[in-house]
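Just the one chain here, laid out as structure tokens, in the form predicted on its own.
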Amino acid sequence: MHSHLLLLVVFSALTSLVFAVLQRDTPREQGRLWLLLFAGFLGAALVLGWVMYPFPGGPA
């Protein structure tokens, strides 16, 4: 895979799924928590990526 965004989405989805299953008992609660965690992971990553965009990266 060459797309960092695709890897971010896959990682966020799977991590959120594991956390939701471990933290909540009913499927409805698990689904709601999964959605909140998934949106939080994606939102935080995209905002941090946008904030860090102007800074140079890589070796000097």
Partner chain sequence: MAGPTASVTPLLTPLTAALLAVCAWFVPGVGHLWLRRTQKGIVFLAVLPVMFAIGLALQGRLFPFHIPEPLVALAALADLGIGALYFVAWGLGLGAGNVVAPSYEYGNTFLIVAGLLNVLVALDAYDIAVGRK
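From a predicted model like this one, the values you see are computed outputs, not experimental measurements. Positions refer to the first chain, counted from 1.
There is another form of the same protein, the form predicted in complex with the partner chain; it is not shown, and what comes next is about it.
In the model of the complex, the partner chain lies farther than 4.5 Å from every heavy atom of residue 44.
In the model of the complex, the partner chain sits within 4.5 Å of a heavy atom belonging to residue 21. Looking at residue 51, you'd find every heavy atom of it more than 4.5 angstroms from the partner chain in the model of the complex. Although the partner is absent here, residue 39 sits far enough away that none of its heavy atoms falls within 4.5 Å of the partner chain in the model of the complex.
Shown without its partner, the chain has 2, 4, 7, 10, 11, 14, 15, 17, 18, 19, 21, 22 in segment 2 to 22 as residues with a non-hydrogen atom within 4.5 angstroms of the partner chain in the model of the complex.
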